[in-house]
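Just the one chain here, the form predicted alone, laid out as structure tokens.
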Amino acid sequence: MIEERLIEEFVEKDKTKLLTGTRVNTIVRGSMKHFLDEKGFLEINPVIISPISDPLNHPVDDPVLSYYGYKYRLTKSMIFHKQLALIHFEKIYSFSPNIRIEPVERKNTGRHLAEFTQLDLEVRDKGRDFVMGLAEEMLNLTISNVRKVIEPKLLNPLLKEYSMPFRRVRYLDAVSAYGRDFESIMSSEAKEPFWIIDIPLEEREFYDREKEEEKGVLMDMDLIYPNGYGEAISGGEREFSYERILERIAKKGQRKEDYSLLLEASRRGLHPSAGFGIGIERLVRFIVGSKDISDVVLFPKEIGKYVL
């Protein structure tokens, strides 16, 4: 019976990896929370279901549920809610559960889950450089705090605190040097985290801000872990004016009716902002040095697999 298989697989999980991953997860969350609280950020409640969610720039299933007769979606990221929160607050963060029913082709990457948590933050009236510096400081502090508590033999042997500021590479330069699979190749070669910046419009969602001086290029950034662990952070500056958001929706070939809530909010007045999301489970995987993200998560929703 399938139920017997599920329970047997759960019982047979590697307890050492699981215990280490869970301990690291606890330290990571506590460290990040303390860091942001000390910087004057406010923690907001996560949004699990909503009439509006992140469209993403790659195909995923988009489950819809009935909420008192209205169509609601499961949260793929809190990007729009972060922008709305800044109407009331200046600096916010949330430990946001995300559901992304990824293509089954991603089942063997070792870093994708259908259910995961992002530390998602946003800052009013700040730009990309500010949040990149914030991310670098927070990552180094978190790694330092883990290394103070967890025995070295249980951690990634290549783990260390990294020199700041991290290296920056323009997206098109990376493609020119390494081809379309640049992220995987560069991550495998790197010994330190690095940023991919200035990402082309067609590669990202409509809500990230287009450069004034370089049309078709966004004020975006991705942080890439070294030693082959891949993407850590995705973020950037946001479009906030009604006209610009409407223009970007049209450029992406999307329906403005699907984003009427965001458009109405922008008509009333959104603030300029920047922010990012960092996957908690991916960070734990990197810190522990695990090949597969499911080894360090108690109930991992593995891509394409029926699991607990």
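Everything numeric here is computed off the predicted structure, so don't read it as measured data. Numbers for residues come from their place in the sequence shown, where the first is 1.
Same protein, other form: the form predicted in complex with adenosine monophosphate (AMP), not shown, and the subject of what follows.
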Contact test in the model of the complex: Phe95 vs adenosine monophosphate (AMP), heavy atoms, 4.5 Å: no
Partner proximity in the model of the complex: Phe116 to adenosine monophosphate (AMP), non-hydrogen atom cutoff 4.5 Å: yes
4.5 Å heavy atom contact, Glu102 to adenosine monophosphate (AMP) in the model of the complex: yes
Contact label in the model of the complex: Ala232 to adenosine monophosphate (AMP), heavy atom within 4.5 Å: yes
4.5 Å heavy atom contact with adenosine monophosphate (AMP) in the model of the complex for all of Gly21, Arg29 and Arg285: no
Interface segment, criterion being heavy atoms within 4.5 Å of adenosine monophosphate (AMP) in the model of the complex, picked from 143 to 151, 106 to 114, 162 to 170, 84 to 92: 106 to 114
Members of 263 to 282 lying within 4.5 angstroms of adenosine monophosphate (AMP), judged by heavy atom, in the model of the complex: Gly277, Ile278, Gly279, Arg282
